[in-house]
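As a starting point, one isolated chain is supplied in C-alpha cells, in the form predicted on its own.
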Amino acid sequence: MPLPLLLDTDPGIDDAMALLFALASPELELLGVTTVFGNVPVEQTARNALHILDAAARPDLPVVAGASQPLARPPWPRGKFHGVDGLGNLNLPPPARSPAQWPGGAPGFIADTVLARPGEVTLIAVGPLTNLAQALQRQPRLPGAVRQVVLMGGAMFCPGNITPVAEANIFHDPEAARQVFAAGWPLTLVGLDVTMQTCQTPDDLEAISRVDTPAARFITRILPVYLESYRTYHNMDVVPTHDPSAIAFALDPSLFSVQRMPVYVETEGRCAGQVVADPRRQWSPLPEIDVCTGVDSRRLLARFHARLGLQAGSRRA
C-alpha cells in the first residue's frame, strides 16, 4: 500500500524538486500540500505549489496556505537565491485555481488530516517549521497520531547555509523548531550533514534537460537560477539535493545512516537557528530525535533521476 504523505513546503526550487519526486513515486500517496513563508512570501509559495501540481497534472490535490511569519520574531529579509518568484524567475501567470480554504489554514489541515488517519500519515516538512508548531498548539493529540515526521533542516556537524552555524529552514523560525523537536513524535532530521553530500553536477542537469517528462521539463526550466546562485554565493559548481533527500528518506530509510541523539535549538544572538547535537549526552535533559549522519548519495541520486525519467547510464562520465 502506498504511504500516505503530507508535504509542508515553501517552494523554492529544491522544494519543487521534492514535490515532483514525491508525485513520481508510486510508493507514496500525497494527500495534500501545505505552504509556509520562507524562500518567498506564503502567498507566493502557495501559488508556486499550485503551478508545480499543474505541471505534474495533479490539479486534484489541495494546497493550503499557512503561516506568513515566524512565531516570535520578525521575518528575515528574503534574498533571491531561488529567483524573485521562488521558481527560477519563470514569472508564471496566476494559476488556474486558488489555494483551498480550510478551518485553521495549513495547521488545521495538517492536524485534521493526520487525526483522520491515526498511525498512517507521514508528515514531511521542507520549509520553516511554523505550520507544524501551530498544528501542535492547535491539536495536542497530534504527536500520538502521526506515523512519522521527516524534516529537512539543521546543520549539526557542518557549516550552515544562511549563517556560519544555521541552516535556513531552522533559522527562519528557531522557536518553532524548538517546539517541533520537543513534541515527542517519531522525528527524523535530514540536514545539511547529508544533503550537502548529495549534489547534482552540471552534467546531471544537462542530462535531465534531455528527458521528455513533465517533471524533468519543469526542473530544467527552474534549475539555472539555482545553479548560478550556488556559484555566486557558495563558490560551488553543483546543486545540493536538499529537500528531495527528505522524500528519499520516506521512500527508503536504508539510504541513510541514522543516529539518535539529544538536540538543542539556539534562539538567541548570532547563533540563532543553530541545531546543537549532543551525541555524548553531556547536557540533560534535551529532546532526542533521529539524525541522519550519512547517506548513500549515489543510490539516492539514481532513484531521484530514475523518477524523473532519466535512464541509468545516460549521464556523461
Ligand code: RIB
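Keep in mind the model is a prediction, meaning the values are calculated, not measured. In this text, residue numbers run from 1 along the sequence as written.
The discussion below concerns the form predicted in complex with this ligand, not included here.
S.K.: May I ask you to state whether S229 is within 4.5 Å of this ligand in the model of the complex, using heavy atom distances?
M.R.: Taking the distances in the model of the complex, the answer for S229 is no, it never comes within 4.5 Å of this ligand.
S.K.: Looking at the partner-bound form in the model of the complex, is N48 within 4.5 Å of this ligand by any heavy atom?
M.R.: Judged by the heavy-atom cut-off of 4.5 Å, N48 is well away from this ligand in the model of the complex.
S.K.: With a 4.5 Å heavy atom cut-off, would you call T188 a contact of this ligand in the model of the complex?
M.R.: Although this ligand is absent here, T188 would stay clear of it in the model of the complex, with no heavy atoms inside 4.5 Å.
S.K.: Using a 4.5 angstroms cut-off on non-hydrogen atoms, would N169 count as touching this ligand in the model of the complex?
M.R.: Judged by the heavy-atom cut-off of 4.5 Å, N169 is in contact with this ligand in the model of the complex.
S.K.: Could you work out which of T213, N161, T122, Q197 is the residue within 4.5 angstroms of this ligand in the model of the complex, going by heavy atoms?
M.R.: Result of the distance check: N161.
S.K.: Only one of I247, I110, M152, L129 has a non-hydrogen atom within 4.5 angstroms of this ligand in the model of the complex; which is it?
M.R.: Partner contact (heavy atom, 4.5 Å) among the options: M152.
S.K.: Spot the stretch among 235-243, 101-109, 174-182, 132-140 with residues whose non-hydrogen atoms come within 4.5 Å of this ligand in the model of the complex.
M.R.: Stretch with heavy atoms near the partner: 235-243.
S.K.: Output the sequence-ordered list of residues from 41-57 with at least one heavy atom within 4.5 Å of this ligand in the model of the complex.
M.R.: Result: empty, none.
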